[in-house]
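Encoded as structure tokens, the following chain is the form predicted on its own, with no partner shown.
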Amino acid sequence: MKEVVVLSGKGGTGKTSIVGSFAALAKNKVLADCDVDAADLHLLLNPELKDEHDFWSGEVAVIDPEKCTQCGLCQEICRFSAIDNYTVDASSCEGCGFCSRICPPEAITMKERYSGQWFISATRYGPLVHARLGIGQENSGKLVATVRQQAKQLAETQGIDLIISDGPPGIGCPVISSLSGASLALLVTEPTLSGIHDLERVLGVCRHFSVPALVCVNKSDINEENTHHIEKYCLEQGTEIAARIPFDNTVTEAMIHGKPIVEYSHNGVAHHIEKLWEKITGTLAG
């Protein structure tokens, strides 16, 4: 089984639009949206929900009012100011459990925290595993791991040998969770200063986990000088530029109509993305 994860280092590079086109181009695959903090692949693929599960992760303190003697010790020692008037503010509680250990009447217990949901849906391009992290919740890396695990199980059950994952931006825990063990990473960047900086960081993460990477420069013609800088940097790092996709407002029109660009138009952008997918499949096969 092969898994391609599409990363960007920063948001707004067009990563999800490219994944949507890959969904239309790939023949037999499972799709996974690992950007659980701001999932939006489903907006493009218009999935039909088939299965829904709650995601529990971490702990939160709960005070039993019948046991509580209101000694005030828990409020004094809580470094996160999560306890006020002998009530725990779940959004402020970090789940460290110290208050439950020092409570004289043992009125405080640690309960598992509800952190979000994950889903299995059907799309016109194949099955999609996606998730939604709860408002203000953390542990998104664990939820990403759950999404990937379910996608692999679904692929094994249906005899599918390819997973395409839309990864989160940045280089933090969710990115590491999306990247570890992947067959190939496609890094989508843009010719801006922040795009260059974050490409360097996410490429370092790929190198650390020994995941081979290809680079796609999206909107490559908005700043030719920065595009040349990216090409020079990738050449020095031994990383191949797999595609240079020009800017085109048709991509936005396609998103408004809820379609990947390769289905909406046969313009230059669609042609570049088709060539990019051919390059990825060739790399996986080789």
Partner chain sequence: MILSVASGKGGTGKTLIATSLALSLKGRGKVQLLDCDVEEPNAHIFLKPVISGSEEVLIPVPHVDENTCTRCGKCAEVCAYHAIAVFGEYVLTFPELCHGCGACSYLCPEKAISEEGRESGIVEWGHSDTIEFAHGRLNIGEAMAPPVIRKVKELAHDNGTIIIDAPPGTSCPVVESVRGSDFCLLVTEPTPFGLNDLELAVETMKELDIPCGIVLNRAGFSDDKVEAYCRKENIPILLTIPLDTEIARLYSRGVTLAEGLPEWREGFVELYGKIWEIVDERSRCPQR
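Since this is a predicted model, take the numbers as computed values, not measurements. Positions refer to the first chain, counted from 1.
Another form exists, predicted together with the partner chain; not displayed. Remarks below refer to it.
Location of the partner chain contact in the model of the complex, chosen stretch of 92-100, 147-155, 180-188, 122-130 [non-hydrogen atom, 4.5 Å]: The contacting stretch here is 92-100.
Would the partner chain in the model of the complex be within 4.5 angstroms of a non-hydrogen atom of every residue among Ser21, Ser210 and Leu284? So, no: the whole triplet misses the partner chain.
What is the one choice in Thr252, Asn28, Thr69, Asn46 with a heavy atom within 4.5 Å of the partner chain in the model of the complex? Here the answer is residue option Thr252.
Of Ala243, Val60, Cys234, Ala39, which residue is found within 4.5 angstroms of the partner chain in the model of the complex when only non-hydrogen atoms are counted? Partner contact (heavy atom, 4.5 Å) among the options: Ala39.
So, in the model of the complex, is Gly11 in contact with the partner chain at a 4.5 angstroms heavy atom limit? Looking in the model of the complex, residue contacts with the partner chain include Gly11, since a heavy atom lies within 4.5 Å.
Can you tell me if Tyr114 lies within 4.5 angstroms of the partner chain in the model of the complex, counting non-hydrogen atoms only? Heavy-atom contact with the partner chain at 4.5 Å: absent for Tyr114.
Contact test in the model of the complex: Gly136 vs the partner chain, heavy atoms, 4.5 Å: Close contact exists here: in the model of the complex, Gly136 approaches the partner chain to within 4.5 Å, heavy atoms only.
Would you please decide whether Phe80 lies within 4.5 angstroms of the partner chain in the model of the complex, comparing each non-hydrogen atom pair? Yes - in the model of the complex, heavy atoms of Phe80 and the partner chain come within 4.5 Å of each other.
Stretch 181-208 - residues with a heavy atom within 4.5 Å of the partner chain in the model of the complex: Contacts from 181-208: Glu190, Pro191, Thr192, Leu193, Ser194, His197, Asp198, Arg201, Val202, Gly204, Val205, His208.
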